[in-house]
Every structure is written in C-alpha cells, then in structure tokens.
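First comes one chain, alone, set out as structure tokens in the form predicted alone.
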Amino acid sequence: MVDKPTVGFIGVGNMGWPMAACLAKAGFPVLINDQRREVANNFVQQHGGTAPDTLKQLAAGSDIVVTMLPTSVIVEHVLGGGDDNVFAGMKPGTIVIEMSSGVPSVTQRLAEQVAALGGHMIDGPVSGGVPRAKTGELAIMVGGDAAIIDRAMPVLSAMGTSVLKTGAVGSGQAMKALNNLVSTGGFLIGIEALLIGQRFGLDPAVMTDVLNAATGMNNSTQKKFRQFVLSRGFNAGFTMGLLAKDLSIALQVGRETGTAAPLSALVKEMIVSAEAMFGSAADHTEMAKWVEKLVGEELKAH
C-alpha cells in the first residue's frame, strides 16, 4: 500500500476548514496553518493532523501544499514574503495547489517562482459553497501541467466530485471568476423578474417554481431564491466582498484580453454598489435587497 502524501493546508476559514477536514477524513496526513493560531489548533483537536509553528516547517514536512486564502496578495506573502514563508522550506518536487479565487496573472508569476525552486504549481479554485465543501462535493477548476494535475488528483478528488481541467496554470482562476460573473448575472436578472412579476400580481414563490420547470432556470432560481431571499435568511455563507473581488478579476481578465464586456461591467458595478450599501461582510444574496431598494418594494412569498 502506497502511503498518502502529506498535505500542508494553509487557510482554514469558512471554506478551507471543511476542505481540509475532507482530506483528514480521507486519510491524508495534514499539516495545518492559519493566521489565527487558535483556529489551526482547534482544527487539529477536532480532525487530527498537526499545526507546525512556522510556514517553513509546514513546507518542509509537506509533499503537497494547498493555499486557500482570501486574495492573491496574501498568497504571495505566504509563499515568498515576510520573515517566514513556504519557499524557505519547500522541498524540490513539491506540488503547490493554489485554491484561492486569485488573480490569474499573479498566479502565473508565482508558478514561475515555484518552478525555479524545483516545485510545481497548479491552480484549483472551487465552486459549490460551504455545504458542498463539507460533503467533499465541490467543483474544482484546475489549471496547470496535466501530469502534475494527475499526481495531485487523489488530493483534489477528496475535496471535490467534479475536477475539471481548464488548461494552463491560471486558467482555473479565470474560469472561476467568469463562472461567478455568469452566476451573479443570473441572480440579478432573476430578482428583477420576480419584482416585476410581484407588481403584476404573481407570487414570487410560484414564479420560482415555474422558472425551475422552464427555460429561465439557473443556479440562483434553484438554490438561492427560496432558500435565502424569499425566506429573508440571506445566509448562504459567501460574502459580498468576496463576490465583488471575483467579478473584478473577471473584468480584469476581460481588459487583459481586450474583450468588450458592457453587460459584465454593469453586473460588476451593481455588486460594487450593493457592497457599498451593505458592507463587504454581508452575504452575497443581500444583492436582492439592493434591487428591492431600487424598486421600492420587498419580495414576499404568499
């Protein structure tokens, strides 16, 4: 029996915690790091593994290093910045899986640095939110050398049921940002349609059922409208600030490729406005409240 590779997991927040827990449950030895030391210690107490004192120690003990962090700026600092970093302890042959929703061009630059140190970097951002992170059923968009992805596949498959190769390193993050752009556009147009229908006399709950049985169906009509908007819960578990960041990345890719994207720009501006109104920590489904304020009416299921 071949021993499973040791995985150093950096960033056990809302998404990272359940993802790392899936790795531990699947039998991978895990080394845990988080900026909040007490969080890393709590993870070890609940799920096993160890929490090394430094990033250098984590890297030295890991065959695969996973980063699941808020921004590319933080990823850069963790990998190669500051007095303590991953590069200081990384062994030749190490695979770094950048699973944050980062900036593709930054990740491509980091991949060059990893390669110069004898390692390999792939990017693997995820979709599915906290519920699917807990069950290990995430969709993972992976960019990088196909042979390296294949080597990392057991680790990726422990966290996700759909592992989709997207191309060169950075392509996974580009795809993730574009996916969230499409998802957000579907959410906003759906909320507008529900408000128009409500003013006409339709029940938004009935409208949601009809959309889900017809061609207007999308992820938001299926998994967000009843659950988080009509319920007035607004607690899907993904913040407005993170969504705004993802849409900014999508638009940046558009600029870098010289692609005109007027509707995408409008969607992004709507999210930036909603973030300004409700705050970066607000749940992203509170976008609906921003549209309601424009209309001057709240959605109410009869």
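Model, not experiment: these values are computed from the prediction. One rule holds for the numbers: they count along the sequence shown, beginning at 1.
Only in words, not in the display: the form predicted in complex with a small molecule, which the text now covers.
K.L.:
Going by heavy atom distances of 4.5 angstroms or less, which of G167, G81, G129, P154 would be at the interface with the small molecule in the predicted complex?
P.N.:
When the small molecule is considered in the predicted complex, the option within 4.5 Å is G129.
K.L.:
Going by heavy atoms within 4.5 Å, which of 196-204, 69-77, 111-119, 144-152 lines up against the small molecule in the predicted complex?
P.N.:
Flagged stretch: 69-77.
K.L.:
Taking the small molecule as it sits in the predicted complex, is S220 in contact with it (heavy atom to heavy atom, 4.5 Å or less)?
P.N.:
S220: no contact with the small molecule in the predicted complex.
K.L.:
Although the partner isn't part of this model, could you tell me whether A288 comes within 4.5 Å of the small molecule in the predicted complex, counting any heavy atom of the residue?
P.N.:
No, no contact at 4.5 Å.
K.L.:
Indicate whether the small molecule has at least one heavy atom within 4.5 Å of a heavy atom of Q252 in the predicted complex.
P.N.:
Flag for Q252 set to no.
K.L.:
Give a yes/no on whether N41 approaches the small molecule to within 4.5 Å in the predicted complex, heavy atoms considered.
P.N.:
So N41 does not count as contacting the small molecule.
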